[in-house]
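The chain below stands alone and is given as structure tokens, in the form predicted on its own.
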Amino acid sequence: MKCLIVNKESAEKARKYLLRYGLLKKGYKVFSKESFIYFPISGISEEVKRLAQFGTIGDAKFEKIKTNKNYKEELEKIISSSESASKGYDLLGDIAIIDADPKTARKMAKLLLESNKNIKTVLRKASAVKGLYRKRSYAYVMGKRNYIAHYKENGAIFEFDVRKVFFSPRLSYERQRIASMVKNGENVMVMFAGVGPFAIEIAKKAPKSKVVAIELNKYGYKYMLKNIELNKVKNVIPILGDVKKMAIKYKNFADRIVMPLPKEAHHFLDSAYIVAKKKAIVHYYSFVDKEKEFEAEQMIKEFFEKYGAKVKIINKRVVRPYSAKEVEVVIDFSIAK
């Protein structure tokens, strides 16, 4: 390979010149021998002749520079070549969860395990979220065969079996946002509490609040108890039961109500009315057509008008895309009974 051979005193000046004019051949290691430095070079003969001002032009063998894979680009290539693969992946502790066909999933899993030493297990979504408990099936792809996640978020830690409960790391910002709004002394009800992320993060942020967390899934409730213990919170009251039945017991209890059940929350607005104090705040989540992002706003107002209550919209935002046609939104509103 053609090279420029210069003495060590001239090496820095020669290097800058080569870089400036694009004559340093990429992908090969510069090396020294005795009192000389050897630079691999490329370019047309007229350009190379100009280098004689620094030293001599010769031939030498150069070692190739080992380059790390650009894993992000590789992953994007795999995803773009598949009709089934969704962009990105969810990381629950050391478990990566991807959404792709089995063949593509294996390619993605190999790349993820190579590129991220913190990933130990790769699972594939094998069904949609379905059923009363909003669970989905997962297929093992590669790495350690494990389904128990140990996940950290916003200063809290959560343990759960991904096959038994619903949990989305994509609601991390929402949990942080609402927890930051809660004041000490508030009574908060978290409906459909799952393994406790909303309730526990609120309880940690506002330790003098009282947080009632209701969950129907016995596995979700079991892990909520575990997570309350892990996070050492004393102000969460976990309840295994149906929100509609429990609402009667907590009539006029809540200063704030969290309703993170986007497909079915509208069926529980009557329970929210029962639980709410005279001036309560509600955080209502819903899946909607992305062309009609906030059509739920009018539905909420009309619903509470039946009870003679006034609704004031405080905030509304798109939380995340859910499908090609749907997005998840949150509407924060107050009820004046």
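One-based numbering along the sequence shown. This structure is a prediction, so every number in the text was calculated from the model and none was measured.
The protein also exists as the form predicted together with a small molecule; that form is not presented, and the subsequent description refers to it.
Q: State yes only if every one of 40, 55 and 57 has a non-hydrogen atom within 4.5 Å of the small molecule in the predicted complex; otherwise state no.
A: No: no residue has a heavy atom within 4.5 Å of the partner.
Q. Among 115 to 123, 261 to 269, 93 to 101, 224 to 232, which stretch sits within 4.5 Å of the small molecule in the predicted complex, heavy atoms only?
A. Contact-bearing stretch, as computed: 261 to 269.
Q) Should residue 75 be classed as touching the small molecule in the predicted complex when contacts are defined as heavy atoms within 4.5 Å? A) No, residue 75 sits far enough from the small molecule in the predicted complex that none of its heavy atoms falls within 4.5 Å.
Q.
Just checking whether residue 203 would be counted as a contact of the small molecule in the predicted complex - the rule being heavy atoms within 4.5 angstroms.
A. Although the small molecule is absent here, residue 203 would stay clear of it in the predicted complex, with no heavy atoms inside 4.5 Å.
Q) Do residue 156 and the small molecule share at least one heavy atom pair within 4.5 Å in the predicted complex? A) Close contact is absent here: in the predicted complex, residue 156 is far from the small molecule, nothing within 4.5 Å, heavy atoms only.
**Q.** is_contact(residue 128, the small molecule) in the predicted complex, heavy atom dist at most 4.5 Å
**A.** No.
Q) Given that the small molecule is left out here, which of 151, 138, 89, 166 has a heavy atom within 4.5 Å of it in the predicted complex? A) Filtering the options by heavy-atom distance leaves 166.
**Q.** The single option of 212, 216, 79, 111 touching the small molecule in the predicted complex, heavy atom within 4.5 Å
**A.** Here the answer is residue option 216.
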